[in-house]
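So this first bit is one chain, no partners, the form predicted on its own, shown in structure tokens.
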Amino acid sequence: MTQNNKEIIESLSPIERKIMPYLKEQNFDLVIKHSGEDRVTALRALEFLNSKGIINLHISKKKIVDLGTNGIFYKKKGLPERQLLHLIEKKSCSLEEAQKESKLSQNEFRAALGALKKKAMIELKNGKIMLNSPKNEIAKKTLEETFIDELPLDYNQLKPEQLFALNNLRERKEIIEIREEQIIKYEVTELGKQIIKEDLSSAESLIEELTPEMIKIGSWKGKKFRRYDVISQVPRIYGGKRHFVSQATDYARKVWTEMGFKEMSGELIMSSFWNFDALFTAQDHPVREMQDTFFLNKNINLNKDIDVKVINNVKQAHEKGIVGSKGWQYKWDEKTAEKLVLRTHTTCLSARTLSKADKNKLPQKYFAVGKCFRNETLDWKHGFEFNQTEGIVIDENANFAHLLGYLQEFFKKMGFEKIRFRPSYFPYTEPSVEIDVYHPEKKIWLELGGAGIFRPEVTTPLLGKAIPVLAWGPGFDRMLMDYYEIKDLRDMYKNDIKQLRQMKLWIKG
């Protein structure tokens, strides 16, 4: 035995030694069968042996087309269209009679009708289903039935007619499933052939681990330890951690609190009063339409939850305005303000906080990080839920420069070095700005959200007088997408366990 072979044998783990005698068969399934190990353990042993140069391991994947839950059932009982054909072969039926006597569900019945009409095997006349093909043609198996009988099949080896049948069946629920299957092949190297011939029993006496008991009684003395293999890859261990979105929001909370802000909190369901009216959003504004906002089929009684003086102040601001403002010049409807909505922004928390603020203890600074909802069409950059970070500073001496300073400091702590502000318009702030941050890799400016100073029409009804209130509410998810290199907003919420395990920790500052 050469010195190299001896060292390799001394480094073999128990599972490697266990499968070594069966490597000559060069069949992974037989290795599993004869060794008695499960598939995962046996594959891990092959990977260790591959790293030692004892075998050359090849792992590939192929797509297998097989029967789904409904497919297994239909293979025994027949596809819904076959069950319907058996019925109308005996007699012509009305649609209602056919569904009832076939005992098919509504969805199955519709699918059967569609499939048979597509093949021109039936026609509908005067509300009845009539056969449209000779009986010898009806008796023949359809492409879909033949395809089901032939499964499972390799996706990459499907013939054109099989692909046609597959596409027809995939439109229907759980008839077909496509799964990935690992193909594991290996061949024993020249080094491996030498090792297999050696006596491996000497390695069985090697100590695998040092326990407290062995140290206590000294049983390890005079014995040899198995050589550590520091080259072979071992299974990755994924420790428990918070969801990456939660990590980021926790960090944002830390940033705001370190800047002297107190956190605002509130329910996800808000009255339209706080979500819209208190923010001087007119009751006929497009943002309050069903296509933009999720309304609930329930209202609240404003007078039970909100100070009547605040309600009347907001009403006055809308109908007639305040000093220096004409308002919206319409009759404000309390019932409209009582409608419950899934909050469309966290600014509703700012409005409610302002209504309760102690004007004798100014300045006051508040922030929020929370989920909001909009009735959006889902795509890579839009979702019906998103995270927003909110902030207000109530200070009689606050000015626009202070606003820009707070924002610059926050985004710098969030990892954005280059920040710019552009003049903009928002319904409840004046002046208003858009916040952009520079993306050094893409070399573009990313828009993150808006900020400004609340209009007197917002602050006067809630505070009793027009105190300057700095306010901002940029979207938070775009910051997360940039940091985590997520290309599609939907990936943040799909709960893919593989993605969650591999996602890097939020490390900033």
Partner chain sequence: MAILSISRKQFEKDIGKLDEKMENKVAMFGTPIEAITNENIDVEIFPNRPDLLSYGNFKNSFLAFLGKSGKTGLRKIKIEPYNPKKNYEVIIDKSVEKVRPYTACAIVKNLKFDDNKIKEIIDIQEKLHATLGRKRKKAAIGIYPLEEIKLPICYKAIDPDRIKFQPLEFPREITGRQILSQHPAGREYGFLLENYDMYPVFIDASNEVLSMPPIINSHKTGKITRETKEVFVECSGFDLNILKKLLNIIIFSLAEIGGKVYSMNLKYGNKNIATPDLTPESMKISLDNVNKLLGLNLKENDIKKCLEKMGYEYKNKSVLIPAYRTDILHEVDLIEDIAIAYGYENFMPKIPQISTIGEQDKKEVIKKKIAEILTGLGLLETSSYHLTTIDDQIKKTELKETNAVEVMDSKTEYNILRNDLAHYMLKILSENVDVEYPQEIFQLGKIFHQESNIIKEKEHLSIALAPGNFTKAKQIIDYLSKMLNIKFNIVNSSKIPGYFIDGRAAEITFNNKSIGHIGEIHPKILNNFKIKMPVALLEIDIEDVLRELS
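Values in this document were obtained by computation on a predicted structure and should not be read as measured data. Positions refer to the first chain, counted from 1.
One more form of this protein exists, namely the form predicted in complex with the partner chain; it is left out here, but the text below deals with it.
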**Message:** Given the stretches 106-114, 122-130, 156-164, 423-431, which is the single one in contact with the partner chain in the predicted bound form, using a heavy atom cutoff of 4.5 Å?
**Reply:** 423-431
**Request:** Go through 312, 233, 303, 325 and name the one with a heavy atom inside 4.5 Å of the partner chain in the predicted bound form.
**Result:** 325
**Prompt:** Ok, 332, 406, 186, 416: which has a heavy atom sitting within 4.5 Å of the partner chain in the predicted bound form?
**Reply:** 406
**Asked** Any chance residue 220 has a heavy atom within 4.5 Å of the partner chain in the predicted bound form?
**Response** no
**Message:** At 4.5 Å between heavy atoms, is residue 295 in contact with the partner chain in the predicted bound form?
**Reply:** yes
**Request:** Mark residue 385 yes when one of its heavy atoms lies within 4.5 Å of a heavy atom of the partner chain in the predicted bound form, and no otherwise.
**Result:** yes
**Asked** Hey, in the predicted bound form, is residue 225 touching the partner chain, heavy atoms inside 4.5 Å?
**Response** no
